[in-house]
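Only one chain is shown below, in structure tokens, and it's the form predicted alone.
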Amino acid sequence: MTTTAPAEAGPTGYSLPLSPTGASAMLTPPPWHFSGDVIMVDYRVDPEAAARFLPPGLSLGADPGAAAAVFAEWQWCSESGEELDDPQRSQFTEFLILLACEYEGVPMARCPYAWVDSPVPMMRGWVQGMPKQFGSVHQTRPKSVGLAGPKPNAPGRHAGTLSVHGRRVAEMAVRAERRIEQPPLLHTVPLVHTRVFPTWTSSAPPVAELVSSEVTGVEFGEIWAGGAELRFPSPLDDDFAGLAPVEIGQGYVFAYAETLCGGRLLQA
């Protein structure tokens, strides 16, 4: 049953748009549950280029220049699960870059760039401090029957592509060759973001907070590894081009799930 808030309380909601009951908000409050299929490649960038993407408080840590590129196809829902009845709302695809870093000696990962193909996860990323933009993201979907795709949890080739404003920005391929037990490092450490909200009124300073994500319910499916390819054919600008691979490592294919509960403030 929908309960209308008292008129004097005004419209409400976890996010815009506000409405009398809050039901019109674009985002539901966390927790948010995610289940997805991931294609990931470990690679290396110029450490000096990586360092320029780290805000004060973060350092490159023990492995300067370690990075990863990730394609993921997600299905998500809030605690009620109501989004699952609307697949267009509950599904999206994502590409992101991760840089290895540390905060007060704790290994973490910094996401300098991310793209999604749906507006809700883009806005949710801004709430987290994750720099999500809109792009055209596609990846290979495993199929349990037939020849039009690799089999789940079996050897095969998996690919992903990202296009932004009609330009092919990233291409990846992973040859799943063998099953491994250890998840890729940059998919196991906390993510650290900067929540930024520009100033709008002259009396208020902009919001800039260094935060880390807090997750529970982490699950990995079978993890398959093998040789990998990664290219940034048409970099969007010189900053993005600075994160191009100088060395390509191992690739991974796996199913993954987590519950995003919110964030933890590191520095204001």
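All of these numbers come straight from a predicted model, not from anything done at the bench. Residue numbers run from 1 along the displayed sequence.
Not pictured, yet referred to below: the form predicted together with a further copy of the same chain.
For the three residues C101, E177 and A244, which mark the spot I'm curious about, does each lie within 4.5 Å of a further copy of the same chain in the predicted complex through at least one heavy atom? Not a single listed residue reaches a further copy of the same chain in the predicted complex, so no.
Contact with a further copy of the same chain in the predicted complex for R44, defined as at least one heavy atom pair within 4.5 Å: yes or no? R44: no, not in contact with a further copy of the same chain in the predicted complex.
Considering non-hydrogen atoms and a 4.5 Å limit, does a further copy of the same chain approach Q250 in the predicted complex? Contact with a further copy of the same chain, no.
Even though the partner isn't displayed, in the predicted complex is P87 close enough to a further copy of the same chain, meaning a heavy atom within 4.5 Å? Yes, P87 is a contact residue.
Examine D239 and determine whether its closest non-hydrogen atom to a further copy of the same chain in the predicted complex is within 4.5 angstroms. Close contact exists here: in the predicted complex, D239 approaches a further copy of the same chain to within 4.5 Å, heavy atoms only.
Which of the residues spanning 30 to 45 lie within 4.5 Å of a further copy of the same chain in the predicted complex, based on heavy atoms? Contacting residues: P30, W32, H33, F34, S35, G36, D37.
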